[in-house]
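The data below hold one chain only, encoded as C-alpha cells and taken in the form predicted on its own.
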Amino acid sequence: MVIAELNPQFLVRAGEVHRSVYTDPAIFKLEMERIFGRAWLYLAHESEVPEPGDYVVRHMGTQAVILTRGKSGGIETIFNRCSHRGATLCAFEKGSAPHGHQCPYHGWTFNADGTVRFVSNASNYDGVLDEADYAISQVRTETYRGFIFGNLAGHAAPPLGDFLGHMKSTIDDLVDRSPTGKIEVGKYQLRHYYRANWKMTFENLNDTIHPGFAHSASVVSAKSVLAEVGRDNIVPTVGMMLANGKPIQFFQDLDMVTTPGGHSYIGGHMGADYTPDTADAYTQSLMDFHGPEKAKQVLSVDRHLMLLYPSSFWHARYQTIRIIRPVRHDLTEMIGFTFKLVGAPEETHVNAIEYCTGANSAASPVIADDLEIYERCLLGNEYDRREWIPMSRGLNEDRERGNSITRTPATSEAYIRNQFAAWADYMGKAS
C-alpha cells in the first residue's frame, strides 16, 4: 500500500487499523507533520527554568526546541537550530545561558526570544545581511497551572483549554494534591528507548487484558515479596506488579473514560499507601490548605494514567509525567519526570520516585516485558497476508456516551479506537 496514493484516513476502519500505521516510514513522516505538527504537546513545567537564562531542550515530534526563562521573567520557546547554517545550538538538555545561546560553529548568538544578539565579524556582512531576518522562529506556547504546552501550528491551533477539555481535571488533581498549591519538578529523569512505533505505548498503558499474560512472571515474584515482607512494607513497583495479577472481572467492572482528541484514563487500581504518620500529616496539611471538604474530594480522586494524546502520560497520585519522543517509525524514547508537592512530607516524593522507577526504568521487570512485546509486534506486522489489525474489543459495551466524555468497561479497546479517530482526523487534513 503506497501512502502517497492513499488518503491516510482509509487506514482506519470501524474496529480495525491497517498494519502499515506501525511499520511504514512514510506514514511516520506524515505523522510528524500532521499530528505532532498540529496537536498541543506537553513540553515542560515552569519550575524547570526558575531563573533568567535557565533553559531546557525538548522535542516536538522530531524537532528540538529550547525553552528559556527570559530576563523579563517570561518563558520563550524557539527551535534548537542556528539560523545561519542550521547547526544545533544547545547540545545539553538543560543549563543556563544568561548571555544567550551561542552556536558552536561560527559563534552567532541568540537571545531567549530568538532575536540575533551577536554575529561574529559583523563587518563582513555590512550591506548584505539584515540581522532581523535571521531571528530563530518562535513556537506558540500556552500554560495551564504551570505546565507548558507547545504547538507548531501557531495561530491555526485551537486554544489549549479546548484541546485539554475534560482532561484538565487530571492536571488539577496533580496540582491540588500539594498542600501549598505549588509543585516543582524533581531532580532526576528516567529514560528508556524501545525498538517499535510510538503508538505502541499509547495502546499498551491502559490495556487491562495484557498484564495477566505479559507480566505473569512479575506477578509471581511480587506475590513472593508480599508473603515475605507484608503489605505494609511493599513499594509502588511491587504494588504495580501485584495489580497486574488482578482478575479480568475486576477490570471489566472498572470504568474507562475517553474524550475527543484521543485522550483517556481508567480508574485507579494499584498503589502502596503512605506510612500512617505520613498519611496523617499529609491529610492534615491538605485540610489546612483546602479546607476539609476540598481535601476529602482531592484525596478521593483515583485515576490510573491519563493518556494525553499524542505526547504524554500523567499519573497524579504518583506525581509522575512521562513524555513520548518519536525518533523513527521503529524507535521511540520515553522520558519520566516526578514532581514534588511543595510543603508535603518527603515520603510523598519518595513514593513518586519509586513509582516512576517501576513505570519508566528500563530495569523494571514490568517495562522489560512491554518493550519486548512492542518489538515483537513491530516484527510481526512487517509480513503476512493479514493486513488489518482488529481493535474491536468492547465495541458494543458503552456505559455512557456524551459530547465531552464516553464511559466503557476498562477492558474495552475504546481508548485505542478513540486514538485512531483522532489520528485519522489529524492525518486526513492536508497542509
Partner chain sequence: MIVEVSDLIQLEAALLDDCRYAEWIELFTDDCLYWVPVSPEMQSPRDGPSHFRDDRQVMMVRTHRLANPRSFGAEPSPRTVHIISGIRIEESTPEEIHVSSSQIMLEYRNRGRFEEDQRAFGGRVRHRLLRTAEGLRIAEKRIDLINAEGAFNAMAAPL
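The structure presented is a predicted model; accordingly, all values stated were derived computationally and were not measured. Under this definition, the rigid core comprises the largest set of C-alpha atoms superposing within 1.5 Å between the forms. Residue numbers count along the first chain shown, from 1.
Quick note: we don't show the form predicted in complex with the partner chain, though the next part is all about it.
Please run the contact check for Asp172 against the partner chain in the model of the complex: heavy atoms, 4.5 angstroms, yes or no? Outside the cut-off, so no.
Gly53 within 4.5 Å of the partner chain in the model of the complex, heavy atoms: Result no; Gly53 lies far from the partner chain in the model of the complex.
Report yes if any heavy atom of Arg81 sits within 4.5 Å of a heavy atom of the partner chain in the model of the complex; otherwise report no. No, no contact at 4.5 Å.
Closest heavy atom of Glu397 to the partner chain in the model of the complex, within 4.5 Å or not? No, no contact at 4.5 Å.
Glu203, Gln252 and Thr406 all contacting the partner chain in the model of the complex, non-hydrogen atom within 4.5 Å: Per the other structure, none of Glu203, Gln252 and Thr406 touch the partner chain.
Which among 104-112, 253-261, 183-191, 129-137 is in contact with the partner chain in the model of the complex, heavy atoms within 4.5 angstroms? Only one stretch qualifies here: 183-191.
Name the residue from Thr141, Asn244, Ser178, Thr237 that puts a heavy atom within 4.5 Å of the partner chain in the model of the complex. Exactly one listed residue reaches within 4.5 Å, namely Thr237.
Please identify the residue among Leu341, Ile148, Ala222, Ile323 with any heavy atom within 4.5 Å of the partner chain in the model of the complex. Contact with the partner chain in the model of the complex is made by Ala222 alone.
Judged by heavy atom distances of 4.5 Å or less, which residues of 354-380 approach the partner chain in the model of the complex? The stretch touches the partner through Glu354, Cys356, Thr357, Ser361, Ala362, Ala363, Pro365, Ala368, Asp369, Leu371, Glu372, Ile373, Glu375, Arg376, Leu379.
If you line up the core, does Val225 shift 2 angstroms or more at its C-alpha between the shown form and the other one? The answer is yes; the displacement is at least 2 Å.
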